[in-house]
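There is one chain below, alone, in structure tokens, taken in the form predicted alone.
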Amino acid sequence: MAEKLKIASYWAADCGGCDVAILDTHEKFLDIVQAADIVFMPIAVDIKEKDVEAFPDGYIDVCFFHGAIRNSENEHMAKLLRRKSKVLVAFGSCAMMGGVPGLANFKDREGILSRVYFESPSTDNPDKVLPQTETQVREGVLTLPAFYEEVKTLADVVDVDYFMPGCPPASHQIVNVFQAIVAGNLPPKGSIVGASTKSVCEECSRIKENKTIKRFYRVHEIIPDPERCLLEQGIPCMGPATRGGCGAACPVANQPCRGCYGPLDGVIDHGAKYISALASVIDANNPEEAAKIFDQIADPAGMLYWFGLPASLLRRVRK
């Protein structure tokens, strides 16, 4: 009997949905554990950091690292698992592009701490106390991870072998990638796996009529026609600019694509590419009218870079 693979999954700065997505492979998860031993997965297996440190370098065959790099602990674990793993996969939007945690890059460290510890309505902090990385108490020194100035992608701190987008990656794609790993049928290093080279729009079955619009709507402001293209009904949908592979899961469920699979091949900046898609549906007679229509989009920067600000050309706020 061939030796089983050793796989790991780790959760840095994210919501944990990527780990849940692995468990959501349902009965296919049994196929995974039949072919591989899970040697580190904090959500499911009680193995501690010290156990990972004791592994020989390269002991783990494949590590699925999900979550962005928000603090020093995230970076420490990224470097530890990089050293212990033969193959490291940036698993999910947060590890690959920064994800939703990356929206924090619209603020700097000082602004975030000030909001959380001084300004929020529920905060009572008259002494202006902020978290410290070290605090001396009677029993010894307590430590906390250092909070970074900006959110980083996994590839910003370690060498990454493969990138698997999605918030979270679709379960059928997780199974496909795992089967490719077991078969030794992975593409060249640096490839995006578990996704398509086509756009979400090309996977979406909604009727597209090349209609233009005079205004944009937020999803709660309109009951969309379930058959027609959401963007052509004035609902910003990032399907034209976003990599497919999810089966257009959100548009099928009557929700606009949010862009979690990231940009298509050859696109340098996801948000900038989507601006051109928005411009293609605006029905305006002059630049002033076009600007007024575009201004109807709430929080355009947040929408354009919902999942990829740290990986974009913009990357972070600058003073």
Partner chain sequence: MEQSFEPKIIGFLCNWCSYAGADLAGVSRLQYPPNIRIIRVMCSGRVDPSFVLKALKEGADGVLIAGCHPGDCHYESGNYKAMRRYLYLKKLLKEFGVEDERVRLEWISAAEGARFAQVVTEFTETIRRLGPSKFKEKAASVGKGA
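Quick caveat: nothing in here was measured; it's all calculated off a predicted structure. Positions refer to the first chain, counted from 1.
Another form, the form predicted together with its partner chain, is not on view; read the next lines as being about it.
With the partner removed from view, the residue among 44, 252, 30, 279 that has a non-hydrogen atom within 4.5 Å of its partner chain in the model of the complex turns out to be 279. For the marked spot (96, 294 and 313), a heavy atom within 4.5 Å of its partner chain in the model of the complex is present in each of the three residues.
Within 4.5 Å of any heavy atom of its partner chain in the model of the complex lies no heavy atom of residue 39. Using a 4.5 angstroms limit between non-hydrogen atoms, residue 12 is distant from its partner chain in the model of the complex.
Under a 4.5 angstroms non-hydrogen atom cutoff, its partner chain in the model of the complex has residue 106 among its neighbouring residues.
Interface membership of residue 232, defined by any non-hydrogen atom within 4.5 Å of its partner chain in the model of the complex, is ruled out. Judged by heavy atoms within 4.5 Å of its partner chain in the model of the complex, the contact stretch among the candidates 51-59, 261-269, 22-30, 65-73 is 261-269. Shown here without its partner chain, the chain has no residue in 220-234 lying with a heavy atom within 4.5 Å of that partner in the model of the complex.
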